[in-house]
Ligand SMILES: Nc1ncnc2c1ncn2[C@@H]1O[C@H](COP(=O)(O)OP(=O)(O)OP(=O)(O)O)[C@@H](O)[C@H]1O
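Just the one chain here, the form predicted alone, laid out as structure tokens.
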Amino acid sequence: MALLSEVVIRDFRNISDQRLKFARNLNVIVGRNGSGKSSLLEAVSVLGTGKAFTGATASDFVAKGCQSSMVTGTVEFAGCRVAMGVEKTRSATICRVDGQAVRSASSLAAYMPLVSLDAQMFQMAANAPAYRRGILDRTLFHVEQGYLVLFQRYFRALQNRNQLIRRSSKDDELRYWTEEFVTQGEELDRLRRKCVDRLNANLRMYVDLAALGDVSLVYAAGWREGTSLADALRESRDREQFLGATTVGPHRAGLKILLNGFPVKQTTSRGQSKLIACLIAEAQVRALENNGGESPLILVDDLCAELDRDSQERSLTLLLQENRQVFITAIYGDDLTIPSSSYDVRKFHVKHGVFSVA
């Protein structure tokens, strides 16, 4: 399992200077709205991915009057202890592992994989298609070796192809990038479909525990089913010339979330949607574990809102295991029913960005 044993946060939103040591299994952060509890989860997200799960930029979370924010931490991963750090200025990000600068934030994720359950995840059925596609891509980054390189090659081919279309180019350069686009795109599509199959197999394991019904994911390629990507490009040639962009491909793929065969957005309450998001997060985590990877950290922002006690307990039973570390925020700590007394648990109270152990 990936284990964040300690973190130091400086000048991050309303957290000026805090050093926190965490429990091995469950860490509960309790405080009023605006106290800093979600900021702690954001800081952990920045440490593991180089960015906040809320989508906030450095200009949003570098504390007022400060030039930068800093998050450092000690992570235990695959039997090793690793010191990680991210410094954010309003114009740059500096990432370090064991004191050495690393080129990209993906190097951080390799040491501290994490899954975030936040407002966007809880509302994913209503979010833009790109967000739901991202669920597959984030899972595949950890499950399939070389997926990040494949993903980058595809979008480089897409970018270059779009530039050539806008120039009305018909030369060998366009032919080259079209072939590259098709090669990388069809492999991307194949791996995404494989990922959906894995996630659906995991979702079926928890039908009884969730007590919701049959939750499933349906993937649609970004082009007509039964047609090769190369043929789809030929069919869409007039349209892409008119629009000046590639109109088919994995960047246009869709991912639907169904409950008992019907779209979640149309058939569920906000509480049910939240429980479904927990199910999908559990399916992601299980996919990583079943592939021989380390259990990721799980960040859950405001679990208790809109969930009754029974649903809260079901969610915790899903996500909290002996080999996992989970961080949960709540307004009232007594709202949470911990499913087992054997877990290592630590509770923090936060007020005005200052944390104390309960």
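The numbering used is simple: start at 1 and walk along the sequence shown. Just so it is clear, the structure is predicted and the values come from calculations on it, not from any experiment.
The following text describes the form predicted together with the ligand, which does not appear among the structures shown.
- Every member of the trio Asn14, Gly36 and Val62 reaches the ligand in the model of the complex with some non-hydrogen atom inside 4.5 Å.
- Though the partner is left out of this view, Ile331 does reach within 4.5 Å of the ligand in the model of the complex, counting heavy atoms only.
- Although the partner is absent from this view, Arg32 contacts the ligand in the model of the complex, with a non-hydrogen atom inside 4.5 angstroms.
- The candidate stretches are 53-61, 287-295, 320-328, 307-315, and the one lying within 4.5 Å of the ligand in the model of the complex by heavy atoms is 53-61.
- For the partner-free chain shown, nothing in 97-111 comes within 4.5 angstroms of the ligand in the model of the complex, judged by any non-hydrogen atom.
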